[in-house]
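Below you'll find only one chain, the form predicted alone, shown as structure tokens.
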Amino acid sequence: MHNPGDRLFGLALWGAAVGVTAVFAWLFADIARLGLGSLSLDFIATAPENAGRDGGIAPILVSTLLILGVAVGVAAPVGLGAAVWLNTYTRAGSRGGRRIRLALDMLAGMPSIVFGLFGNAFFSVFLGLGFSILSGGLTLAAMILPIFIRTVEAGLGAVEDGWRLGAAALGLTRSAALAHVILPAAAPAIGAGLMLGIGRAAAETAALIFTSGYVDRMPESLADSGRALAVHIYDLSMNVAGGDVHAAASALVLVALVACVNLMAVALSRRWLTRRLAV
């Protein structure tokens, strides 16, 4: 016989899940109703015209992919190395480790506008990168790192000690155990950290306004300024009369882009886990 308290708790969890799903479905349906009619291959493949009211989003989409590529390309190896160092090479409960973790937790909750001002001052001005895709990507990498490091570190800490003991019993060095045993076992956490970081970076607006800029032409290199999809959506919604339809269509593309990138991250982490454990 089920406990009434357990049933109420289960119903509350189901209600919360259904409520969140319903809100997301309502928001997505509203965006789809407004923007689905403008979504087409020409919209994806052509440049914006008339301040974005006409034409498409080709240069904006390319700029977004380049910015995300820079951000993930920098954040993934640096964050993975930092997480491994915190989990494996620092003493449990050490003062330095606690301070670093506290700093990462504070940075993970930092408003994005602060990262934007830092990126503008450091990357754009101090390093002389100006308003560029590289400045925007490096700023987003700084935003991704705290979330990614803490997520991967938690995943590494959740790996059972039996994996480490088994690797030591086989005579593997610490680095070999990390490469062939521990990291593959933590692959789901690595994928989750990438998804959380990419989700935050892809939807970022404030930080990119100060770093990558507003230019909506096709970028020729990482040193060129480029407008991200999130900035384009903001500009069409807030500053362009009659731009709501194309803003909604751009939002649908952004949702699809984030979903595709997340699916790729999950697939790569699972493939890596399968390949490493098969060796």
Partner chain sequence: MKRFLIFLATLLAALAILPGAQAAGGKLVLTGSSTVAPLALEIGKRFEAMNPGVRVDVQTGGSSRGVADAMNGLADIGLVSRALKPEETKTLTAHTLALDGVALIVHAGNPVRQLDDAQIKAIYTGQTRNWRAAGGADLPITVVNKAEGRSTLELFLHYTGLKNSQIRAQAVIGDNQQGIKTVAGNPGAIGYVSIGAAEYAVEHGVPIKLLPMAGVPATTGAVRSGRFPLSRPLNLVTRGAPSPLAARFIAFARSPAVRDLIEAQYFVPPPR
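The model shown is predicted, which means the values in this text are computed figures rather than measured ones. Positions refer to the first chain, counted from 1.
Note that the form predicted in complex with the partner chain isn't included here; everything after this is about it.
Across the proposed site, 20, 43 and 202 without exception lack any heavy atom within 4.5 Å of the partner chain in the predicted bound form. In the predicted bound form, no heavy atom of residue 30 sits within 4.5 Å of the partner chain. The partner chain is not shown here, and in the predicted bound form it never comes within 4.5 Å of any heavy atom of residue 104. Contact annotation for residue 61: none of its heavy atoms lies within 4.5 Å of the partner chain in the predicted bound form. In the predicted bound form, residue 73 approaches the partner chain with a heavy atom inside 4.5 Å. Residue heavy atoms within 4.5 Å of the partner chain in the predicted bound form occur in exactly one stretch of 229 to 237, 250 to 258, 22 to 30, 35 to 43, and that stretch is 229 to 237. Looking at 46 to 61, the residues that come within 4.5 Å of the partner chain in the predicted bound form, counting any heavy atom, are 48, 49, 50, 51, 53.
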